[in-house]
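There is one chain below, alone, in structure tokens, taken in the form predicted on its own.
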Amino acid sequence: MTDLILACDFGGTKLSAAVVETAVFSQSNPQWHNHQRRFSPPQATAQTDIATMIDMGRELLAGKRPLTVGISFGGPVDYKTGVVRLSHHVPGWENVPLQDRFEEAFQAPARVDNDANVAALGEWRFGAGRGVADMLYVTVSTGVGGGWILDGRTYRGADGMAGEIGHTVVDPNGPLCLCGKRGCVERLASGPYMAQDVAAARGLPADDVTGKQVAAWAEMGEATAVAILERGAKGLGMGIGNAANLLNPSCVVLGGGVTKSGARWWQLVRQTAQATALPEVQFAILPAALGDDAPLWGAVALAE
């Protein structure tokens, strides 16, 4: 047995793993002991991804046995049993006992949770949320998801579904979301949906526009891109303000690619959130400190 923690992050298209020493919890500037990332092949399945991740873990551990294993998974997870319910990106993940698989592979206790909860834990333990007891983490990227830290602990809800801020409705007459409702935060603020709406407005094929291009065009003052990006920022801000009214976090930490959309985007998110929340509900809206590694650092904290 060693003092090493193995952290794993199953993303939709990439797999990341890292090893840290338990001393990392007392460090002001924690660093990986070892780190590796691989992209999933085009025809990836649950079994190929599990095999790849176990292989990476063994390489990083170099024959040593970890003290614990923490796992972030990009999809619904039953935290109590460590069973993955499904993946929206990779086939074959229905009801996979991922915790058991890793405990068997590494002969060490393992913990599994969905990536939004784990990223929230990472930012709270090692990133922008350090030192607060109550925090909401929101990732704004391909989708919009969230995770709660309340009273210093991850809050998952009765069925593990707490934090689904992306599917709170902020415009009942808005465009139709994949979930079947209209005007969800995700439908207005996520990168692919904004790109889809700009492409439709400009008569372009949907595949010709990305969320990053929408932000770039908005920066140049292109009217359609400006309107769609600002609508998304306001929708996200409204969702955050409503969430703040319900659970009164000290801060809201925002991560994901869409948060790189410029100063005007941040200004509108903050203004709308504060205008939506009650005047007595005070909170800061902060950029994430850990970037794409938030779920991996959260997996370390999960295994603490």
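The structure displayed is predicted, hence computed values, not measured ones. From 1 onward, residues are counted along the sequence shown.
Beyond the structure shown, there is the form predicted together with another copy of the chain, which is absent from this document and is the topic of what follows.
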| property | result |
| --- | --- |
| Listed residue (Met238, Leu268, Ile50, Ala44) with a non-hydrogen atom within 4.5 angstroms of another copy of the chain in the model of the complex | Met238 |
| In the model of the complex, the one of Pro175, Gly160, Gly92, Pro97 near another copy of the chain [non-hydrogen atom within 4.5 angstroms] | Gly160 |
| Close approach of Thr68 to another copy of the chain in the model of the complex, 4.5 Å, heavy atom | no |
| In the model of the complex, Ile165 touching another copy of the chain (heavy atom, 4.5 Å) | yes |
| Non-hydrogen atom contact Glu104 with another copy of the chain in the model of the complex at 4.5 angstroms | no |
| Heavy atom of Val281 within 4.5 Å of another copy of the chain in the model of the complex | yes |
| Stretch in contact in the model of the complex with another copy of the chain, which is absent here, among 247-255, 36-44, 23-31, 59-67 (heavy atoms within 4.5 Å) | 247-255 |
